[in-house]
Each structure stands twice: as C-alpha cells, then as structure tokens.
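Below you'll find only one chain, the form predicted on its own, shown as structure tokens.
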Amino acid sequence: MSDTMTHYERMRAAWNCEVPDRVPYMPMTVYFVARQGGLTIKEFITEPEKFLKAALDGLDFIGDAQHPALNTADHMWMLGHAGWDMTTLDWRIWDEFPPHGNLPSIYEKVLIQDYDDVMERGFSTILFSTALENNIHERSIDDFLYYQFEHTKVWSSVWRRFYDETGIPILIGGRAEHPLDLLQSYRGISQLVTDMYTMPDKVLEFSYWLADYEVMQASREAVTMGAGELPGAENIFFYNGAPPGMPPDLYAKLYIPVAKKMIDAWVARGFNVWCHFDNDQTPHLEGLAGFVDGLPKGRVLLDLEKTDMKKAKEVLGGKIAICGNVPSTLMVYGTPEEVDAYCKKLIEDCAAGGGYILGAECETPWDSKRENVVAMKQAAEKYGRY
C-alpha cells in the first residue's frame, strides 16, 4: 500500500493525535548518519555539506523527519551557542569516532558558586571563573562569533536543500534545556541534588530566571533555521530528564512548573515543543499530562527514552502525542528480526487512534547496525498502516 500523505503531513497528523495513513518513523539519527557516511566527528560538525551528502546517502534508513544535527555543537549551552559552550563546559569536539577518538563530551565542574551572584551579575561570573582552567583565552574571537551568529545560518541553508530534494522535513529547529538539566552541568549533579534538598526555593528561583533565557535562545535559533519556511523548523527540541530518580514531591515542585512555563511561552510565540525525556518518566506521566493544559491541540509531543510506552499511551493517549522507544542495546547488538518484533509490539501498544511516532531511545547509537535501523523503518511501513 502506497503512502497517501507527505512526510510533513504525517508528522503533523501524529502531533495532532489524529490518524495518519501510517505510523510516522522519526528516530534521531545524527552520529549514525555521520558514521555511515564515513565522516569523522569533526567533519560532520564543522562541514555541513559533507553531512548533507551523508544524509542523502542514508535515505534507506532516514524516516519522515531528519534531526538537523547543528545542535550537536551547542548540546548544552548557557552562554550563547557552541562558541561559549565549548569553553564553559569543555565541550570537546573530537576528531574521530571510538576507538581512536570519542563522541563530544563534557567535563563536569562546579562553575556556579552562588546562585544569587549569577542572577545579579550575569553569566560573566561563569565565563571568567577560575574553575574553568580550559585555556579560554586561546580561543579566537572569530571562532566565538562564527558559532554564535553564523553556524545556524549555514546549517539552515543545507537543510533547505535537503528538504527541496527529498520532501523530508527536519525534526526540530531550535534547542533548549530545562534549567535543572543545565544545572547538572554547571553546578554538578551531586551538588545540585544537595541543593534540591537543602535550598529548593533558591533552585526554583534560579530555574525560573534561567527559563526566560532558554526560551529566547531556542526561539531565535528556530527562526534562524527557518521556522515558518522550512517544515519542521518550528519545532523546539526541549531536552528534559533532570537528575535521575527525583522523588515525586521534588519533581512536582522543581521540574513541572518551570517546564510548563517554558512550553507555554514557546506555544504563545507560535512554536511547537518536542519534549525529549531521558530516564524513566513512568512515575510522572500524570504530571506530564498537564503540559497541554490551556494549549491548542497538537503543539506538544513527548519523546520518551526509558518510559513504559504502553502506560504512556494509556495516560496520554488523545491528549499528547508520544514518540519512542526501541532500545539502544537492540539497535547495536540485536538482529533485524528482533528489531522488527520489538517495533511491532510498540505499534500494537501505542498506535491505536493516532498520536504515536516510532523512534529510538534518545539518539540512535552511532554504532548501530545499519540493517537494524533499516528494519525499524520497514516495521513502521509494514505494521503501522491504519
């Protein structure tokens, strides 16, 4: 049976909790695309034209939307984009994939010494922190300016051509993090957890303060990527998770209200919000259902890494679209037959009535077997017909 919708129409139908022609398939394939295209880590981050070619060579496994990849260079920001990020968090861009290199990685340090000081004096208290010790002044001003102002424009041009040639939209146009996730990097996980128990009101105050900044950063990035022109660029990728194992009372106090404020702000500005959740959110599904309170339908999607998808469908079905979550271990170590069976079960559990997108757990592992990623795409086409 042939498709009767475009890729973008299928995406929007799922977001709207409507029944499309088939289940959309939209895994995040970034490092996997680069690896399959024979690129190094540094090549695909700094040479978008090479990543474009790799994506065009990967249409056998790329689905109904493609992650635009530019966000890998500003994975966790607090000071602008990657130009600052590579400095404050030691966001290392390696040359090669393992074993000769590594995926981009951060080195956690307690950079925020005092919440009130940062709110009063701004981010310079972090930028010039003596705890950095990462040769900040060896970075050129041209490097900072490129990543802050030009990098997104370059990638936007690349993805406009990708869409023109394939009709496949991009998954997201801008990226933001929940303040608790940023604080895991800038305050350190152990220190942040201590703060949440000893000074929760201060953590909440700082989170609200930082939320406004994150909303504007992601909005600007999405507009630069082409929101309103390039299909998919109107979606904000909202990274969530917070410290693993947060008890329900702290989750309800420190996480939910800040996330809701940010989602409401983006929707008010005309954006959609792709909420990406690491960790198991099964205990918090009732709280997450409140994300759409007071909002038009089809503006929020939950991308769930470790969450029980059948339970998520029971709680959220008809209210919020969900995406996920073929295990990473299966993509790396399993067989196409095992992937096929897992996808079939996910579709059986989640697809009824619409509002479901088949995807992987977080980023599709860079070392996944190509035949397994192809099998995931074929499963959506085989079992996902309505």
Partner chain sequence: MGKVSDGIAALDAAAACAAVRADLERGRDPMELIDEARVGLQEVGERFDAGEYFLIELIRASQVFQETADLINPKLTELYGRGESRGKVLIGTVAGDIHDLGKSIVKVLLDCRGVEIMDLGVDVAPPAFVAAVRDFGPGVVGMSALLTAAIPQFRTTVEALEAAGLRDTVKIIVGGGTVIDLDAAMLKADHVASDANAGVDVMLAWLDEAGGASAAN
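The structure presented is a predicted model; accordingly, all values stated were derived computationally and were not measured. Numbering follows the first chain given and starts at 1.
Note that the form predicted in complex with its partner chain isn't included here; everything after this is about it.
is_contact(D21, its partner chain) in the model of the complex, heavy atom dist at most 4.5 Å:
Taking the distances in the model of the complex, the answer for D21 is no, it never comes within 4.5 Å of its partner chain.
4.5 Å heavy atom contact, I106 and its partner chain in the model of the complex
Because a heavy atom of I106 falls inside 4.5 Å of its partner chain in the model of the complex, the answer is yes.
Does any part of G245 reach within 4.5 Å of its partner chain in the model of the complex? Heavy atoms only, please.
Close contact exists here: in the model of the complex, G245 approaches its partner chain to within 4.5 Å, heavy atoms only.
Does G290 make contact with its partner chain in the model of the complex, using a 4.5 Å heavy atom cut-off?
No, no contact at 4.5 Å.
Judged by heavy atoms and a 4.5 Å cut-off, are S190, T194 and D367 together in contact with its partner chain in the model of the complex?
All three within 4.5 Å in the model of the complex.
Spot the stretch among 150-158, 255-263, 310-318, 236-244 with residues whose non-hydrogen atoms come within 4.5 Å of its partner chain in the model of the complex.
Looking at the partner contacts, the answer comes out as 236-244.
Where, within 297-320, is there a heavy atom within 4.5 Å of its partner chain in the model of the complex? Residue list please.
Going through 297-320 in order - heavy atoms within 4.5 Å of its partner chain in the model of the complex - there is one hit, K306.
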